Ligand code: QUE
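Next up: just one chain, as structure tokens, the form predicted on its own.
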Amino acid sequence: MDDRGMDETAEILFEQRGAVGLVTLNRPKALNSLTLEMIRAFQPKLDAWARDPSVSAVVIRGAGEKAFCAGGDVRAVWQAGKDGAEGERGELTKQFFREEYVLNRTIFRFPKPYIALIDGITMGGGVGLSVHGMIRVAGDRTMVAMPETAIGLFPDVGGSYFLPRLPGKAGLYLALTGHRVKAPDARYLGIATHYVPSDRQQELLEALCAAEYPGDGGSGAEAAVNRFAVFAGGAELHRRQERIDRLFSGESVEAILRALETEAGAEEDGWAAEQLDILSKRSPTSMKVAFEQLRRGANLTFEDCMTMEYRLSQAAMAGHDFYEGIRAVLVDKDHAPTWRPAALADVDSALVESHFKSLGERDLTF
């Protein structure tokens, strides 16, 4: 990556190159994870670029070789919640999600080409910074995932909108298991719109900054990217699509598990058994909430999805599993969370429904 003009101290960098507003997420040692301060710097800049006639497109990338953005800085949110008094979990648990979701919506509705170079780890909040834009360019290092059920959360940042709109039941499969998707599958699913090899992405960036943007909705950006885009290769999920659709089409998480158990008893490749093992480690509450979230999100506008997700985020912040999940995965790293409730059977419909309740005056609205 070309680091010219890089300020080592700023977490997010902005510059204008030609007609392009260039954003660099600049926390490479933290895999460019997204902080509230970065969100607060990005939002007004994006708003200003939307109005600025000298800016015809926005390009966002991550610093370093490893990651575009590995997600929101959930450990900071975890710490704020832990430090807050019982019943008052800390301001960050309210503001982080609210302001992040507003930013996601700004990207979704951005009136100019928004181009994300996702050549690296792209998880959770990083998906929210990319998948809602017009163009998403995968590279050789791309790895996309929504791993929230492993930390007692749910696939947020617009997951309730884009996941149920992926082919078949692929979105539900990604939401429940946190399956990691590489470039060929990202292209197949539509999470990425193009694939450009890693060793040509700097050249692509330069071409985007030098491109002509006629103001017709993105043809200039498309033309620049298409000069470099090539076939990403065969997609594993394309080969598994029929199987995923069949096994993840149940009317409940329990029905999905029963289908997987039946398949595991007869299969030769061990894939269904592997999915069962993965799901056995996920938060039962998170899985049931995510199932219902995607069921509802399939028929909602983007804005209504974000209103719903903010309600879910605040329910998660008031609960147990998020704090336990972050402890187990990111703090103590024992990967042995004690979920409450511990079994799917104990997560009743009333508990799931409570996550979707209106927050009244605290609701996120647009």
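Residue numbers here begin at 1 and follow the sequence given. All values derive from a computational prediction rather than experimental measurement.
The same protein also exists as the form predicted in complex with 3,5,7,3',4'-pentahydroxyflavone; that form is not shown, yet it is the one meant from here on.
- Taking non-hydrogen atoms only, Gly133 never approaches 3,5,7,3',4'-pentahydroxyflavone to within 4.5 angstroms in the model of the complex.
- Interface membership of Met38, defined by any non-hydrogen atom within 4.5 Å of 3,5,7,3',4'-pentahydroxyflavone in the model of the complex, is ruled out.
- When 3,5,7,3',4'-pentahydroxyflavone is considered in the model of the complex, Ala30 lines it closely, a heavy atom lying within 4.5 Å.
- Within 4.5 Å of some heavy atom of 3,5,7,3',4'-pentahydroxyflavone in the model of the complex lies at least one heavy atom of Val74.
- Just one of Met306, Ala316, Ala70, Ile60 comes within 4.5 Å of 3,5,7,3',4'-pentahydroxyflavone in the model of the complex, counting any heavy atom, and that one is Ala70.
- The single contact residue among Leu46, Val329, Val55, Leu312, judged by any heavy atom lying within 4.5 Å of 3,5,7,3',4'-pentahydroxyflavone in the model of the complex, is Val329.
- Annotated contact segment (heavy atom within 4.5 Å of 3,5,7,3',4'-pentahydroxyflavone in the model of the complex): 140 to 148, selected among 287 to 295, 261 to 269, 183 to 191, 140 to 148.
- Scanning 110 to 142 for heavy atoms within 4.5 Å of 3,5,7,3',4'-pentahydroxyflavone in the model of the complex gives just one residue, Met123.
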